[in-house]
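For reference, the chain that follows is the form predicted on its own, supplied as structure tokens.
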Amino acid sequence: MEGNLNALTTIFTEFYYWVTVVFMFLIHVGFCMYEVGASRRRNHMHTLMKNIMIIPLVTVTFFFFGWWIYWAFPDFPFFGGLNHEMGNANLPWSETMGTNLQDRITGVFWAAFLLFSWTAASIVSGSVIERIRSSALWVHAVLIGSVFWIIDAAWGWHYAGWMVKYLGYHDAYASGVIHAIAGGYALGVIAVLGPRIGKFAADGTPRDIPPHNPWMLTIGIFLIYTGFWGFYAACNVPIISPESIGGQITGTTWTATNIYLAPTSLSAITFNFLMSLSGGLMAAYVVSKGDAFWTFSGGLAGIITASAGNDLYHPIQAMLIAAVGVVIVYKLHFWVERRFKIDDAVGAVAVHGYAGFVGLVISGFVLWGAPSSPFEGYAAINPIGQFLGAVIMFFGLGFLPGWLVAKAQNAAGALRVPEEIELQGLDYAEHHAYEDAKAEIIEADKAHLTAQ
């Protein structure tokens, strides 16, 4: 490192991303607790196991090819070929993908994106609980976590992505890049997977399957809120000097930029994060008539709705946009459930997918004409670009691949557990040793009492 200032900047950036990654880990903990709280007792071990195994499967595949996709795909295939120079610098055997005292940033930056990958997979996981085979979910986790979401990140989140350049697509905190795509993917899977046994009455009326454990569900959602706050920080690039990015942007050194390298600050995003959380919670409480499950989820949906433009909104705009978005996604969830007999066990499609889609569309009107990026020649933010971006994220890279893969798994008999196993509970079907050990110790206790 040249000079004390460069050394300090490098060390701070390394530590900054490392801290955000640790905070983001709480999202995964929160998803585990939330799903267990929402599922019935006979499916707890299965629910936990399928979430835990997301970690190694997505981590390894993201190391081998997910990270390369992000750097090689910004223009591919519609506006240019693969960027081999950037892609090759991030292949698993490149110098920066391991111990390298000349590069202290790549590993923690890679980890920040990796945690986004886990989140995308966990969103799908929640909607399919209590009836999907673990192996089927893990295939989807790898595809959404290490292929499809990172393609849309290259297109719409990379500062040089073609959607940013030519559509004016702007999605600072990932309304579409993570949430719309993951929600769309989940909808594609559950459309094939079908509802849980007993979810719909014979006349098609949906039944409520209440959460097993409200406490666990509440703690889970608060951990997700906390991790999401860390996620906002992870979407910023700390201490950027324009000279360090090729002189393409002029100005002074900034404490932080958004993902497109436009100036922002942690103070600004803190205002907007908390105001959008509050707007979502209040709107969800009113529209659901005080339903606890939807009030908690409404806070998350509010943040997701406002996230596309939360680097540019005024805090009051963030609160109002979050509130409007929550009312729309709540109504849409129950309309889709009744109309198409869709069983989304935790409302993941609504909270993530519909909220992300709606948030992108709203931001196109509210931010109409604002720069999508500080780079010269890029299209400005506009309603058509944001709408097309929402369609690409939700349907093109989300719903369609999820539906196609689920159809193939279903045709092979590899998607859903048999009915008798679903009724018995997936814990016994896939975790014999755990259930057998519990039964054995219960019998031992009974024998001990009888002997006395």
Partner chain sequence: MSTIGYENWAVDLASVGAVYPFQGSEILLTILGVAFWIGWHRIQFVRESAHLEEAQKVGNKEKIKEMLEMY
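Numbering follows the first chain given and starts at 1. Because the structure is a prediction, the values reported are computed rather than measured.
Another form, the form predicted in complex with the partner chain, is not on view; read the next lines as being about it.
> Wondering, does Arg133 line up within 4.5 Å of the partner chain in the predicted bound form on heavy atoms?
Taking the distances in the predicted bound form, the answer for Arg133 is yes, it comes within 4.5 Å of the partner chain.
> Please determine whether Ser94 contacts the partner chain in the predicted bound form, using a 4.5 Å cut-off between heavy atoms.
Yes, Ser94 lies within 4.5 Å of the partner chain in the predicted bound form.
> With the cut-off set at 4.5 Å between non-hydrogen atoms, does Gly227 touch the partner chain in the predicted bound form?
Gly227 lies outside the contact set for the partner chain.
> Does the partner chain get within 4.5 angstroms of any non-hydrogen atom of Lys407 in the predicted bound form?
Result no; Lys407 lies far from the partner chain in the predicted bound form.
> Find the only residue in Met86, Val142, Ala379, Ala292 having a heavy atom within 4.5 Å of the partner chain in the predicted bound form.
When the partner chain is considered in the predicted bound form, the option within 4.5 Å is Val142.
> For the spot marked by Trp68, Val327 and His333, is every residue within 4.5 Å of the partner chain in the predicted bound form through some heavy atom?
Judged in the predicted bound form, none of Trp68, Val327 and His333 sits within 4.5 Å of the partner chain.
> Given the stretches 317-325, 95-103, 166-174, 346-354, which is the single one in contact with the partner chain in the predicted bound form, using a heavy atom cutoff of 4.5 Å?
In short, 95-103.
> At a 4.5 angstroms cut-off on non-hydrogen atoms, which residues of 37-71 are near the partner chain in the predicted bound form? List them in order.
Going through 37-71 in order - heavy atoms within 4.5 Å of the partner chain in the predicted bound form - the hits are Arg40, Arg41, Arg42, Met53, Leu57, Val60, Thr61, Phe64, Phe65.
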